[in-house]
Ligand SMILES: Nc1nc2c(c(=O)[nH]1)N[C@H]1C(S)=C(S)[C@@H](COP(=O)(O)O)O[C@H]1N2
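The chain below stands alone and is given as structure tokens, in the form predicted alone.
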Amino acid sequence: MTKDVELVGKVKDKLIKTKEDWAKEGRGLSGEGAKAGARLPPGQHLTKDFPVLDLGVQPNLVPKDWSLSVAGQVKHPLKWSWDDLMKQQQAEFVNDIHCVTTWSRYDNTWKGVPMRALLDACRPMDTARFLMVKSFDGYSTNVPLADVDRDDVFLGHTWDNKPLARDHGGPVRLVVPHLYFWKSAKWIRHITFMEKDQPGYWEARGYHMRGDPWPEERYS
């Protein structure tokens, strides 16, 4: 059983309602279409900052209390502690981040465990097609299995050569760089492999079920 974790802060009801309104209004949709060879997806602008976006509460979580469980359509359900995670294959990554709120940040440096190492450990069944990723703050998001079975997707614990800060999802977050960043769930605690797709937190509030930045899959 996962140890109860203290949540710090207060849910940002006004911000959540605003983001729901953005989905209804189609905020940020440029209609331009992706340009051949472009690095910046349509409708995005560059920033050198790393904005902090969450539901308003953050888990007061340290590595020794962190764990990740995996269940559902897998042959080998598992639970990794922080020590277990550190025993897995470690790799370095450099990627761009594209947030649905229209900011992008280039050349982020990370260290973490490739998702393919987790897939090798849990062995998804042939019926598995989607993942539901849940976080310690109550957040959730759905991701197609095909979108995590890639060399560039990982469980990140280090950013910019420092332990991943709590503000940005530390001690561990999922990083799926080719999709909008709301799919890269912070404070990851559980993954359920599913046969059929289901909406997560923002998907149930008007956001796209996949979230590819290049065709601007911002909203449903």
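Each residue number is its position in the shown sequence, starting from 1. Keep in mind that what you see is a predicted model, and the values were worked out from it rather than measured.
Same protein, other form: the form predicted together with the named molecule, not shown, and the subject of what follows.
Relative to the named molecule in the predicted bound form, residues Val52, Asp167 and Ser184 are all within 4.5 Å by at least one heavy atom. When the named molecule is considered in the predicted bound form, only one residue from Ala121, Met132, Ala128, Cys99 comes within 4.5 Å through any heavy atom, namely Cys99. Figure note: of the listed segments 133-141, 112-120, 67-75, 85-93, the one touching the named molecule in the predicted bound form, with heavy atoms no more than 4.5 Å away, is 133-141. When contacts are judged by a 4.5 Å heavy atom cut-off, Arg210 does not count as touching the named molecule in the predicted bound form. Contact check for Trp80: every heavy atom lies farther than 4.5 Å from the named molecule in the predicted bound form. Contact check for Lys19: a non-hydrogen atom falls within 4.5 Å of the named molecule in the predicted bound form.
Contact between His157 and the named molecule in the predicted bound form is not found at the 4.5 Å heavy atom cutoff. Of the residues in 149-165, none comes within 4.5 Å of the named molecule in the predicted bound form through any heavy atom.
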